[in-house]
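Take a look at this single chain, the form predicted on its own, given in structure tokens.
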């Protein structure tokens, strides 16, 4: 007679725990992969930090300065 026998419910729990572990490891791998790609392409991406970004502000063309000419009277 064995001292510990595994009940059916323990086997089901173990398989659910293994499945959940695989899903969590996959999610962590996905987040890690996206982070690595973002860091490698750091110049192309900017974080949203509630500050105005110079790269996003439109550049207004500067009108050429004209010298006012006097009216001959």
Partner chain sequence: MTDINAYETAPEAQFGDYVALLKPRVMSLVVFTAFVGLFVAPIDVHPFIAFCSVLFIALGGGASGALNMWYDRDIDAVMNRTQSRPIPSGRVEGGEALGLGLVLSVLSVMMLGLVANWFAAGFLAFTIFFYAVVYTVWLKRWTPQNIVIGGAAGAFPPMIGWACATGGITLESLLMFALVFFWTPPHFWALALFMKEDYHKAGVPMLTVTHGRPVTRRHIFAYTLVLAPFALWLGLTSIGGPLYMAVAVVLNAAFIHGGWRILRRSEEQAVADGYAVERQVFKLSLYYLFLHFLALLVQSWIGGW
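Residue numbers count along the first chain shown, from 1. What you are looking at is a predicted structure, and each value in this text was computed from that prediction instead of being measured.
A second form of this protein, the form predicted together with the partner chain, is not displayed here; the remarks below concern that form.
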My question is simply whether residue 57 lines the interface with the partner chain in the predicted complex - judged by any non-hydrogen atom within 4.5 Å. no
Spell out, yes or no, whether the shortest heavy atom distance between residue 6 and the partner chain in the predicted complex is within 4.5 Å. no
Answer with yes or no whether residue 19 is in contact with the partner chain in the predicted complex, where contact means some heavy atom within 4.5 Å. yes
I'd like to check something about residue 23: if you look in the predicted complex, is any of its heavy atoms closer than or equal to 4.5 Å to a heavy atom of the partner chain? yes
Relative to the partner chain in the predicted complex, which residues of 19-34 have a heavy atom no more than 4.5 Å away? 19, 20, 23, 27, 30, 31, 33, 34
